[in-house]
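Quick setup: the structure tokens below cover two forms of a single protein chain, split into structure 1 and structure 2.
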Structure 1
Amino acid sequence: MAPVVQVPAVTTERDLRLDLFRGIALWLIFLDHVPNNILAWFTIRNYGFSDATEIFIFISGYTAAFVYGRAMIDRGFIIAGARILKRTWQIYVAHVFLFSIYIAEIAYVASSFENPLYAEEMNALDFLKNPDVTILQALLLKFKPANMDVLPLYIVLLVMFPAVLWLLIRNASVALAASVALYVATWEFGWNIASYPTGHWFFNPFAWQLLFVFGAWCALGGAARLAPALRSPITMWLAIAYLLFAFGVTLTWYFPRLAFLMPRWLGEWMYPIDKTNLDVLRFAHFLALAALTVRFVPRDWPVLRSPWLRPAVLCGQHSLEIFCLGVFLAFAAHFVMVEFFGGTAMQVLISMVGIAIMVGTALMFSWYKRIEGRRSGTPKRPSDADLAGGEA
């Protein structure tokens, strides 16, 4: 049963825009995760509805389809599926590693911090009293501390991905329609995965899969299909208008005195803008950003190869490692600010140092990979893995 391959030429040359924007998204996620960081004001979440998470998940879906889609066409469902699950396992291990760092930080805070002002906040440390339950729940991905929600989402998305990819290759439109249907049903019936000790997943995988599958769909020819629409000036002006609107709305959140500018009916219709279930307004905001980006940053733009953008591109090419490093660095930055000094100068310094460490590490991974490739002397490695830097 040879697959009916009408997969429109998965272009073989790596799209550097993906690496660039994923790298930038990783930096922004890091800046957002450093508590009380003045530089977090530069991140896009303060200027509209969506934030770096959307970029990260979309591009991850795109690259996953790019890498494993080719593998599935060339070598079949089993091989590609096994490779996807291997990747999932790596991400799970990374998540558990981050969790252990988190536990270390909490235990430290619990033993060193006392302040009558914060008795209520200290309840957060209660789970240290019964590690038997907590650690088990963490391994089951049910207990997810602050800022550690993205990897579990990614894990679930990848577990579903072999089946999704199979369908995408056979009939991309049906796959996308199924994804939209799941999204709608999730909103309709309130599906989500339970968390420990209470509540649900902060990033609902049944809703966020829409962005991931949409990314994959774009990689497998959807982008080419959308190209005429993206070139139209109407799309451009719609996108600009929507981004300005979102910016205006966001302003009223930070300056309550401006709230009168916001008509009541509009607020009633619009709020709450739900991050857990990937609100349509957030999705649309991401689409608008993406449409303008694709229009103004052409694929063959020479600047993409300039040394100035190289650091971000490098980080984007090693996204799993750099993402985990970013979460760790955010913990470490918080620690430094608690122990020494948390003023503005320190926040700027720590953010800069953090990004420098991320870039340095990405550079090291690239170098390591290059020498590994040379030494092993197996030029017959699947080209796609190299192309995507083994990253999906």
Structure 2
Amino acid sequence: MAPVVQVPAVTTERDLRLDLFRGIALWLIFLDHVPNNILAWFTIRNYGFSDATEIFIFISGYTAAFVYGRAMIDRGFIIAGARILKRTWQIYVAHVFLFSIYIAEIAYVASSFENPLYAEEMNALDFLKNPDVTILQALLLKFKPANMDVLPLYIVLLVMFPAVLWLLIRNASVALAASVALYVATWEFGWNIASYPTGHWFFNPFAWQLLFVFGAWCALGGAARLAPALRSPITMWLAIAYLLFAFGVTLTWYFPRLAFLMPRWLGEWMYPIDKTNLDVLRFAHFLALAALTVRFVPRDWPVLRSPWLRPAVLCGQHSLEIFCLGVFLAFAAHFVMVEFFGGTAMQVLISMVGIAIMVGTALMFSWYKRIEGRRSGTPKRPSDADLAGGEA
């Protein structure tokens, strides 16, 4: 007799917290991508070890499991795997389209203003010198201009996800342990994927998969298993203590006079805090932020449906489109500040205009989908599904 597999419960209830924090993460990524931007000082990367990328990847893993978990349980590995790979192809096409527009934007600005530094800063110089070879490498995801590293990472993670999701459903603990083992092996043996023309991927998929898989694990019952620990006052105070410690360390980066507060042995042990391989200090910092967020922002918090948070929620509901738009807008903002005026007022103005354009675009997509839903008479798909997939 075949063993009975205890499949996890997959919720279909919409969680606006995912949309909210994914939308905020998109805004923070945009602000961080604008060089010499005073508003970037208000993003979380300046006050701890992690940044908006961790938020984005975790939520992506969570929503991928949310979207495709039920399909794999009800319809099997082949159907769910085909849907995941279909969405992977759609995101790959979006990446190629974004690459084409982004490179054209950089090349036009560099030639029109006779400033080759734009191409050099955006890591596009090789494309201008060898466009034939570079295009091929871009299609292979090996060549990536600056600020275009996240989508290739997500594409690779989705390619692996059918097998990961199958294992998560059958034995979530084994799946998470395998992810941790791959993460440890990556650090031990230095695994990564080669980039073109030199170097390796800025976001190492073998390391960042841990955060993605952890998000999926939480969606498939892991969050419920962690709930008692998250409600514990001990967890809360440990998280607060770690966040304060990380904040104290980052202060020494920006105020050299405080460097004496960092013991030499501690600095030798901590540094460098590697973003490429998702340093464990960054992962722990994200966990501390997540623990406090879950504790103080409940799922049924009425403010989540308030008009004040609606702009961020809308951006989170259309994350693929808004992320691509943010990459384009970040370079446009950089160009305006370099060529015209880069003072504090302009930095604030351009940042606000960029976010307003992102919100306006999200509003347009939301309106269009609502109209199309009414015309076709089909139910609206879960908003959490946007980046993960088009089918719930």
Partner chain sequence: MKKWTALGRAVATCAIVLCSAAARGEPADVCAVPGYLLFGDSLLERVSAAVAKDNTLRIVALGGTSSTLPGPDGANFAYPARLEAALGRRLPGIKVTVAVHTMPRKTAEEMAESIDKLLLDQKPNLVVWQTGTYDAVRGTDPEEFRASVSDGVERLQTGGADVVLVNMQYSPRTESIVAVGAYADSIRWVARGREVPVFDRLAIMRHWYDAGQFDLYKATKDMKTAKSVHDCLGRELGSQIIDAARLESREGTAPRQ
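Basically, rigid core = biggest C-alpha set you can superpose within 1.5 Å across the two forms. For numbering, take structure 1's sequence and count from 1. Owing to the predicted nature of the structure, the values given are computational and were not obtained by experimental measurement.
**Student:** Since only one of the two is the form predicted in complex with the partner chain, can you say which one?
**Tutor:** Between the two, the form predicted in complex with the partner chain is shown as structure 1, not structure 2.
**Student:** Quick one: once the rigid core is lined up, does residue 109 have its C-alpha move by 2 Å or more between the two structures?
**Tutor:** The answer is yes, as the C-alpha of residue 109 shifts between the two structures by 2 Å or more after core alignment.
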